[in-house]
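Take a look at this single chain in structure tokens; it is the form predicted alone.
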Amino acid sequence: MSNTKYIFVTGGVSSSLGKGIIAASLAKLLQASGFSVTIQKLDPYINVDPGTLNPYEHGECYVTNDGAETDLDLGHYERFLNIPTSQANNVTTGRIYQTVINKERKGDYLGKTVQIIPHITNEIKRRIKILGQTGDFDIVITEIGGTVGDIESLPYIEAVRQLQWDLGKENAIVVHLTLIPYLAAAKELKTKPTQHSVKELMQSGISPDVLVCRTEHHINDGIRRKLALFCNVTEEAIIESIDAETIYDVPNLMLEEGLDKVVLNRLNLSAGRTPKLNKWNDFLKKFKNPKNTVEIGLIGKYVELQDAYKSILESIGHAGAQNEIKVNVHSIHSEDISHENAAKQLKDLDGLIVAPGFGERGINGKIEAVRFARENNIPFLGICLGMQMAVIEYSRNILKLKKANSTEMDAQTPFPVIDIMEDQKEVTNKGGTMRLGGWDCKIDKNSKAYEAYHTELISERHRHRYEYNNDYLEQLTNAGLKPTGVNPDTGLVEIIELPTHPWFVGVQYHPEYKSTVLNPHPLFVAFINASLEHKKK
């Protein structure tokens, strides 16, 4: 039998309180205390995964090494813990129901009426326990998406209640994140929303062990006593989570509040050691005390929603701290860039990132941004679609193939320099069918990419259907656009560079998925450094 302990993180009162950051911060503290920890996210929506969701609807879709399209919170987990997640770390209602229905069709429940309880809740419990049963982890933290009281969350809350009964309260505890709003007119913090949220949870048969209270103002002892009295929680288990300057401050704030000690006490675990966050705080010190500043343009189609490019923005922050540079990111909508206004829009930037995306909208603006970076020797990083736009721009303006395009945008283009991958041509379903997960890439030693990675063979995560068309490889290479990274098995061009340019790199993969606080991604580090050099010149 596994000795793994389970922590469930639920949320009340309001969405977007930061359950993912609290879960990741708690995991960081437990990891720093000597425990092996992982986090999973249970999402109540009925999509099988977020792969088909619009970024405006759900933020970015994060991809794991094993090719799972997952919730963006898994990015926070990896960035905080510095360990990879997998398919098992993100479960949706769609996946739960799909599994149960498939079992019913096969006859696994022959003669039984299939119901929410016990069949759906059993499958939820099975998914929760999968990570614990590997033997790799002392503690599994499970974040339950949504807010207590939501109809779609009810089976998950019931599964948690059953698990606490199955495993015992000392092996499965609940941390409830809630909101203490400040009423400016009354000039006071109000506990009633939290009381109602806890009451809702208790009506489902769960009494929280720890209350984490999001607040704009410090909570006093009087509020702690009141919450303890009304919510059946001890005073030391009421944790203040005040608004922080950056998400990377939260582990330190939770350490000061004693969240890790309370949790370990509830789980009957003695801390292996006092959490030491030395490397974390070295990063934070550099992050907050930069010696230089650069202005970076992020050219994208979904810039209105910061979460659409969450991993890219965090990767830029990691790389900035590594270089002791403050990076001011200017999010620019690609639909707002044209041939006529590109110079005016982009002239004050020290570096340009052309972001990933799908579909035709805003493509011309991305191509113009690439042209401007190329012609003006501005450091350029093209990611996935951004790399493809660089190939199209070069084909149109240097090879003079004026109608060069991707078959994603124009199926009839006479010059398909970007084309659908061979193994994608017969694919009709949208969900989970792209080229996904970790793939190898062999790097040319005489390249900017090699200078960044310091190794010839790398593995990076992908999420795409279209690729560099090798029919144009010789033409483009002869014209100066050099393939410097290639998949050793398929010959797919993964990296393109302009050797005549100070720093011009396009990658078919998503480097942002592998950047963490303690291991900033080398490409972002090199790009930010090149942007500073450009600024100095």
Ligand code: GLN
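All residue numbers refer to positions in the sequence shown, first residue = 1. All values reported here derive from a predicted model rather than from experimental measurement.
FYI, the form predicted in complex with the ligand isn't displayed, but the following is about it.
**Q** Which residue, Gly437, Pro84, Pro155, Gly357, is the contact with the ligand in the predicted complex, using a 4.5 Å heavy atom cutoff?
**A** The residue from Gly437, Pro84, Pro155, Gly357 that makes the contact is Gly357.
**Q** Given that the ligand is left out here, which of Arg161, Arg127, Arg95, Arg463 has a heavy atom within 4.5 Å of it in the predicted complex?
**A** Only one option qualifies, and that one is Arg463.
**Q** Check Leu385 for me: does it contact the ligand in the predicted complex (non-hydrogen atoms, 4.5 angstroms)?
**A** Residue-level check for Leu385: yes, a contact with the ligand.
**Q** Would Glu408 count as a contact of the ligand in the predicted complex, using a 4.5 angstroms cut-off between non-hydrogen atoms?
**A** Yes, contact at 4.5 Å.
**Q** For His510, is any heavy atom within 4.5 Å of the ligand in the predicted complex, or not?
**A** Flag for His510 set to yes.
**Q** Where, among 68-76, 441-449, 199-207, 385-393, do residues come within 4.5 Å of the ligand in the predicted complex by heavy atom distance?
**A** Contact-bearing stretch, as computed: 385-393.
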